[in-house]
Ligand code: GAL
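In the block that follows, a single chain appears as structure tokens, in the form predicted on its own.
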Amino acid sequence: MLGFRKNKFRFVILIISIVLQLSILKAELFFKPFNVSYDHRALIIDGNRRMLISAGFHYPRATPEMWPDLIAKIKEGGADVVQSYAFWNGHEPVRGQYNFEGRYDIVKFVKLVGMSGLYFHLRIGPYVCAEWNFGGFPVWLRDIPGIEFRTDNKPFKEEMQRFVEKMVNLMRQELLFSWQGGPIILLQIENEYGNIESSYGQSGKDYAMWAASMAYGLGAGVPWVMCKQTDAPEYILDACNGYYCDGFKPNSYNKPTLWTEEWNGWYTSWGERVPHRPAEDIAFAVARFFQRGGSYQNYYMYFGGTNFGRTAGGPFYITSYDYDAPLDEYGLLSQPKWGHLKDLHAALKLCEPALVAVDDSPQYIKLGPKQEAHVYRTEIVCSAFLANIDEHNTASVRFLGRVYSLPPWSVSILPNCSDVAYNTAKVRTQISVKTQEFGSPSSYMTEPRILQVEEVVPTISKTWMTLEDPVGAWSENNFTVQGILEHLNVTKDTSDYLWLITRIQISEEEMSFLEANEDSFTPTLIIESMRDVVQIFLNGQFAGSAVGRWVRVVQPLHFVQGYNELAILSETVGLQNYGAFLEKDGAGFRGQIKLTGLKTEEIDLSTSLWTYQVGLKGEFMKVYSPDQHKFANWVHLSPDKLPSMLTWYKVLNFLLLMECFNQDSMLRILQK
């Protein structure tokens, strides 16, 4: 009897265990499994045509702690889909060594999207552009023998296919495709390749067709997209990117009209003004897209976020990727943009039954010289869009027996073909006013970021401490070779900084000549071509700097008699992220480095012995780390002492690195 009770108890425990496992499994099934297909009118989700609003949100540009709140705000704003790239250089920083943790935990991110009831559009690329360092390519990719990026090149295609397969298999393994009960309804291969395809001739065309075939052959079970690819094959959806896509038509009648990037803002470059696009114009562009037959539209970006660490592309894109998006860099509502677009989405949802019911083009009605209507009508439903594309004048139009006043450059949405539910030019959302107190706590700003100096309030009544970084070689891990080495070949993406140090001897005779002819002869260092930033030091003292992309540098120098140490700090500020032949761009110096203006003939320093030191000492000591900064030899900042050219600053829980060049300053916030 006792044995029976024990067995019964074990059986009950087993049943409970199975039930728990099934409940956990069910929790992973965010939706009842459904198929995704399409016809000429729209994407078909679980057998039903859908009009879809998508929100661009790149998971590495926020911390995981921010993800749930941002996703909730995206859903509240009326979106159906979250769209993101996959970032190859973040997921495979070292060849064969993958990273899917922290900000790169893409599985967690996609699951959070699914848990919210939203769909997901994964743009694998793996070239992404995105103002992201090296366009998303890992720097080690350029070191593979014989490689040429984004063309019919075997080494590149092998590496690209390996990563794409990795991502597709990961999503399948985690049950994240729609047919598995997951949120992923769309994938993307390549990115805006049509912009540069002609640069590669026939090899470009062959590569584009290979990429499409390779992706489709992976059997992901959801449609693939190629944006800005007018020669996309029949089995791949082609899509529009731009500020306005209402005139876009896919390259086949059998494909729906998709807008993968609606540029609702723009990125900010170093030293440039912050771009802004009015909410009214964004709403006009989106309404016109659906008015003229569009069915899927994505905001690039709905949340822009932050280029943490060394992820900003460029050169010279700043750390902020706010993008003037409906959700700002910190995840706050950017009003009136967020609210005005939320109202637009609500109006479009009211029209969805009519939009999906009409099989062919909507009825077009000319209402005036620059006024028109598109009507989606069946025996059951009717929705209409009235557009005034005159940028300056209000128009009064008659439609179906009623008179409507249309503001300039606007669309009125009539879900029942009678009453105006929304007009793109009439903003009902209150404008938000944001203030920021410097030093206020922020739970998610935990990684290095670059700020323009204007962002930092200069009058801070707190105790500052400093740590000067040494000029030149600072560790035993330096080496000396003859000649100038290419920057990236030396740093191997471990740092943006590379020191080059050499010695120049000035004889007594040479020194006497220079002193006697100082008005006529000035020793000058000439660097034929460099990118992005160079800082020049002579005998430990700052001599000058230059900023630019492959620019010539001419820097006068003042020598002393005897040996002089010339130290040059080469810096990258975001690797090129757009264009053809990215692998050929490189960094550092090109051409000759020489010294002119001496009594003797010019000296070709390109053939001299140079000592190379990768990185800054504070960088490799990780003085910005919460665990390491306390071990550095910090000193209190003296108000009457001028800082050196490379100085780390710390005040309470802030840590900064200041670099000065060309009368400008760059601050890198390393810890907050």
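Numbering starts at 1 and follows the sequence shown. Keep in mind the model is a prediction, meaning the values are calculated, not measured.
What comes next is about the form predicted in complex with beta-D-galactopyranose, which does not appear here.
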{"item": "Segment that reaches beta-D-galactopyranose in the predicted bound form - one of 88-96, 483-491, 316-324, 290-298, heavy atoms within 4.5 Å", "value": "316-324"}
{"item": "Contact assignment for beta-D-galactopyranose in the predicted bound form, among Thr311, Asn264, Asn191, Ser412, heavy atom within 4.5 Å", "value": "Asn191"}
{"item": "Of Gln576, Thr151, Gln180, Asn241, the one that lies within 4.5 Å of beta-D-galactopyranose in the predicted bound form (heavy atoms)", "value": "Asn241"}
{"item": "4.5 Å heavy atom contact, Ile147 and beta-D-galactopyranose in the predicted bound form", "value": "no"}
{"item": "4.5 Å heavy atom contact, Val128 to beta-D-galactopyranose in the predicted bound form", "value": "yes"}
